[in-house]
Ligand code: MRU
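In the block that follows, a single chain appears as structure tokens, in the form predicted alone.
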């Protein structure tokens, strides 16, 4: 059995014409890699959670945009421009809460037009060739930078830990959710490498079970001591003194420090506050949206009812036709968090302006 760190969940083929993803919707029962060759395949891979986790979604979007332009055969630069904007706008709406996707696609757009301006005296053919090269290089650079950010996050988070630490985590913000190592799980991997032997409790994370299907899967494959619990057992393990710290990820952070993350995260923050346990949200700087004032301004995606009533069950577990409320994320108020960890270090949730500077 290969160690989870032996491969990445999102890759771009050497020739830049295929986006290769590990289909996370099939885990933990099957490891299947998909080769995506159209914008539609990338779009549905994101919406159907075949690739998931804010950083991984952003990287998949950048790779997808580069892949589509490498494959697109245009007769002139005008047609090339039109196709680029079509694909960019199309991928932009695949996951509205994940700000990393929008940040990376906007960065790819800047790369496109900067290159086009630089090549304005060249032929259309030469300009398109140069744009393809630059977009591919930019997408690969985005992934490399993400790996470096994760290592910096790991070191910052590790500074809060002690040998034998008990860590409660939620959803999946690990190696599968980013380009490598993870955000909320990266301090755990780092602690394991340093011999701290952390004891991790992973909430199952209903209804999509990212904690049981993905976090428990990848941590166990990495040889880390992980115990799976149902979401409603979090208070019990805290009360029994098994938890020293809570780590979870973030899909978007508002300017005031409110955090949007997988629905249920705010529940852990409330419980941690009650039991006096430090609680940290962990993610890269590009998940901080300084243009969004508070968590109330974050658009929360609502997902289909069958994820609650049918998915992962042989038979429906609710009456047919019952009304279902299924938000993908919730917002944790800044005052419930001990701190926010990024590649720049650890800050109080109300002190994000310092990071902006």
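The shown structure was predicted, so the numbers you read here are calculated from the model rather than taken from an experiment. Residue numbers count along the first chain shown, from 1.
As for the form predicted in complex with this ligand, it is not shown, yet the points below apply to it.
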Is there a non-hydrogen atom of residue 104 within 4.5 angstroms of a non-hydrogen atom of this ligand in the predicted complex? no
With a 4.5 Å heavy atom cut-off, would you call residue 43 a contact of this ligand in the predicted complex? no
Could you tell me if residue 149 has a non-hydrogen atom within 4.5 Å of this ligand in the predicted complex? no
Given that this ligand is not shown alongside this chain, does residue 50 nevertheless sit within 4.5 Å of it in the predicted complex, heavy atom to heavy atom? no
Run the contact test on 177, 183 and 329 with a 4.5 Å heavy atom cut-off to this ligand in the predicted complex and return yes or no. yes
Only one of 244 to 252, 113 to 121, 83 to 91, 187 to 195 has heavy atoms within 4.5 Å of this ligand in the predicted complex; I'd like to know which. 244 to 252
At a 4.5 angstroms cut-off on non-hydrogen atoms, which residues of 261 to 298 are near this ligand in the predicted complex? List them in order. 261, 262
